[in-house]
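Form predicted alone, single chain, as C-alpha cells, below.
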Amino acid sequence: MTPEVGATVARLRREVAELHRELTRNGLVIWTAGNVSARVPGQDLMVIKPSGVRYEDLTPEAMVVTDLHGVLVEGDRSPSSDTAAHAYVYRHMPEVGGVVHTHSTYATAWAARAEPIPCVLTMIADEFGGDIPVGPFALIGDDTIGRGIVDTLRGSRSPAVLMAGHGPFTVGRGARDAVKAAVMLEDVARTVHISRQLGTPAELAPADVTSLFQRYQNVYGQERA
C-alpha cells in the first residue's frame, strides 16, 4: 500500500472498530454475531471484522483488510464468515461504501417469516423509501447471500434487506450510514410488530412515501457540504 492508502486504511480500522461498539450499544448483536465493513475509497479493498472474535476484543488492530473477492490482504485473523457477501455487494454496487449484518431480534423475526416490513410509518418512508424488502434464503460461505442482497436492493430505495431465514443486511454511502440504517431498521421492525398486535396498520400512500423520502434524504438535517 502507498502511504496515502495506508493512512486511509488506518482511519477505517478505527471507524469500523468504533461502529461495532454501536451494534452492541444498540442491542443489535449477541456474542460474536454480526459484522461491519467499509470500502477503502478508490481501492479494491475493504476493512471488515475478523471471524468469531468477541466485541470487547475488536480493536482497530484486530480489523482485517481483504480485497473485493474476500482474499486476506492485511491482518493476522480470518475475515468474517460473511466476507464473501460484503465483497459481492461492493463489486456490484459501486455507490455502497459500507455494509452491516446483524441478527437484531425484531428485524430477524420478520426475516424468519420471509415477510417485508410494510411502510406504515413516516420513519420507514424517510429512511427506507417504502416497504423493507425480503431477499432469498441462501447458505453462508460463498457469495450467494451477496447476490441475493444485490438483486433485491437494485429494485428498491431501501438500504436494508431482510434475508429470509437469516437476518438483516444494510448498506450505506459509508459504514456509519449502514449502521444507522441497521439501528433504525430494528426500531421500526419492533414498532410495526407491536402495532400488529393492536390491529392492522394502514400503509402510507405511495405519493406521500416518495415526498417523505425525498425530503428526508435531501433536506432534513444540517446543510450538506
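Position 1 is the first residue in the sequence shown; the rest follow in order. Not measured: the values here are computed from a predicted model.
Quick note: we don't show the form predicted together with another copy of the chain, though the next part is all about it.
Can you check whether residue 71 is within 4.5 Å of another copy of the chain in the model of the complex, heavy atom basis?
No, residue 71 is distant from the partner.
Against another copy of the chain in the model of the complex, would residue 184 count as a contact residue? Criterion: heavy atoms within 4.5 Å.
So residue 184 counts as contacting another copy of the chain.
With a 4.5 Å heavy atom cut-off, would you call residue 217 a contact of another copy of the chain in the model of the complex?
Answer no; every heavy atom of residue 217 is more than 4.5 Å from another copy of the chain in the model of the complex.
Taking 4.5 angstroms as the cut-off for heavy atoms, does residue 41 touch another copy of the chain in the model of the complex?
Residue 41: no contact with another copy of the chain in the model of the complex.
Using the arrangement in the model of the complex, list in sequence order the residues of 95-110 with any heavy atom within 4.5 angstroms of another copy of the chain.
In sequence order, 103, 105, 106, 108, 109 come within 4.5 Å of the partner.
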